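Let's start with one chain on its own, the form predicted on its own, as structure tokens.
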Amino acid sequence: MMRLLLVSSSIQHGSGYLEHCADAMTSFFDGCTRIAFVPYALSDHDGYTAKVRARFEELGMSVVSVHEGDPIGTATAADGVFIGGGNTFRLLKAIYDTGLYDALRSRVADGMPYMGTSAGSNVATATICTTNDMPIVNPPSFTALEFVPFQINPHFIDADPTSTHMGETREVRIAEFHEESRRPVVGLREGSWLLREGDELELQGATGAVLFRRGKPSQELAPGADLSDLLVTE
């Protein structure tokens, strides 16, 4: 049974690192003592690992980073995996380059709990084509880990009708994506996350989300919404 916790952001305004989703993390990783961390979204792997390790230890779990030894062996031996935020292109390139792509797909398919925040949530989806990040490196493919068949746009921001900013809104960018793809896109606001337990998918958190489908009006989603139908490939 595939188990996923896909969080929009690691920090919600007014709270500390992974504080807003701490209860969900504790429940999700219940029974896990050793978490593999993938730090490749940021350049400072040691500093990033220290930050994540301190937070997980507060929740009663130890962390070993895949950069501290054999990446595949570390991921394979862990009880769960956490991939944090940063640059999605750099993260996915490293996942391919280290051989973690196949290792993570195999372990998560076997039921190892996978938690991602921001870029870590992006790489859990079908492709990274709806990330907000700049392509600072070139991964061998935009195809991500494909744990779900849809797309996520993390840190989703609703358009401000009073703004004088003339750049594209998130809605416009997602509409452009749908000119080329039929995959649904979940715009996850900061403070929200998706929980997958097998064939069930639920929107959780406090801020809700927006569902975008090609050729259809956007749909506001409240916390607690059942999104299990998104797991069925269209």
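The structure displayed is predicted, hence computed values, not measured ones. One rule holds for the numbers: they count along the sequence shown, beginning at 1.
Just so you know, the form predicted together with a further copy of the same chain exists too; it's not on screen, but the next bit is about it.
Contact annotation: residue 204 falls outside 4.5 Å of a further copy of the same chain in the model of the complex, judged by heavy atom distances. Of the heavy atoms in residue 90, some are within 4.5 Å of a further copy of the same chain in the model of the complex.
When a further copy of the same chain is considered in the model of the complex, residue 159 lies well away from it, no heavy atom lying within 4.5 Å.
Interface membership of residue 11, defined by any non-hydrogen atom within 4.5 Å of a further copy of the same chain in the model of the complex, is confirmed. Only one of the listed residues (177, 28, 56, 48) places a non-hydrogen atom within 4.5 angstroms of a further copy of the same chain in the model of the complex, and that residue is 177. Heavy atoms within 4.5 Å of a further copy of the same chain in the model of the complex map, among the stretches 107-115, 94-102, 141-149, 70-78, onto 141-149 alone.
Residues from 55-85 do not approach a further copy of the same chain in the model of the complex: none has a non-hydrogen atom within 4.5 Å of it.
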